[in-house]
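Presented below, as structure tokens, is a lone chain in the form predicted on its own.
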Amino acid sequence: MVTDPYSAEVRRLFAAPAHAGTLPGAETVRAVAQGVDVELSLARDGDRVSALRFRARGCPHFLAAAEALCAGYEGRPVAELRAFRAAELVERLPVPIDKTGRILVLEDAVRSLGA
């Protein structure tokens, strides 16, 4: 019996990434490791995240995690980016154990963007 490796949430986020792209003139950071490549663009409004976008290559879990991250942090204080934990997305999506290293690459990028 074959089980579906992707949850409904992963499929939804992967199929319609509303935050894919770049923000011209925004702060950007890029991370490449574990077979994934991600660039995050951050626009600020004072101390808040006014917009957060991603460009990424990786598996559906990774792309879904990048979309969930961007959607979840818009409007929040930039300082909260430093507290981002990959474990939150690993549990929410649920990401298989062999792919958690990829989500940690996203965590590294997020934390350096919020620095």
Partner chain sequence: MTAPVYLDYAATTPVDARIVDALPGWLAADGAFANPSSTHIAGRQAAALVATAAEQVASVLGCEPGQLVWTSGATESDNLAILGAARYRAVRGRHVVTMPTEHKAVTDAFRQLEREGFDVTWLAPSPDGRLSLEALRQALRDDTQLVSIMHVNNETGVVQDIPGIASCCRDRGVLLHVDAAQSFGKLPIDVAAWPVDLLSITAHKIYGPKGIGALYVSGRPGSHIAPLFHGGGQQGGLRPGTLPAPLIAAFGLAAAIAADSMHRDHDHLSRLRKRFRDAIRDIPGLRHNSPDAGFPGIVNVSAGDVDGESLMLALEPLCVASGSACNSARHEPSGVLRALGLDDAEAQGAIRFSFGRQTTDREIDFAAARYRAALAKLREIAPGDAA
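Positions refer to the first chain, counted from 1. Nothing here was measured: the structure is a model prediction, and the numbers come from that model.
The following text describes the form predicted together with its partner chain, which does not appear among the structures shown.
Interface segment, criterion being heavy atoms within 4.5 Å of its partner chain in the predicted bound form, picked from 72-80, 43-51, 86-94, 27-35: Among the listed stretches, the partner-contacting one is 27-35.
Against its partner chain in the predicted bound form, would L23 count as a contact residue? Criterion: heavy atoms within 4.5 Å. Although its partner chain is absent here, L23 would stay clear of it in the predicted bound form, with no heavy atoms inside 4.5 Å.
Under a 4.5 Å heavy atom criterion, is L63 part of the interface with its partner chain in the predicted bound form? Although its partner chain is absent here, L63 would touch it in the predicted bound form, with heavy atoms inside 4.5 Å.
Can you tell me if A68 lies within 4.5 angstroms of its partner chain in the predicted bound form, counting non-hydrogen atoms only? Outside the cut-off, so no.
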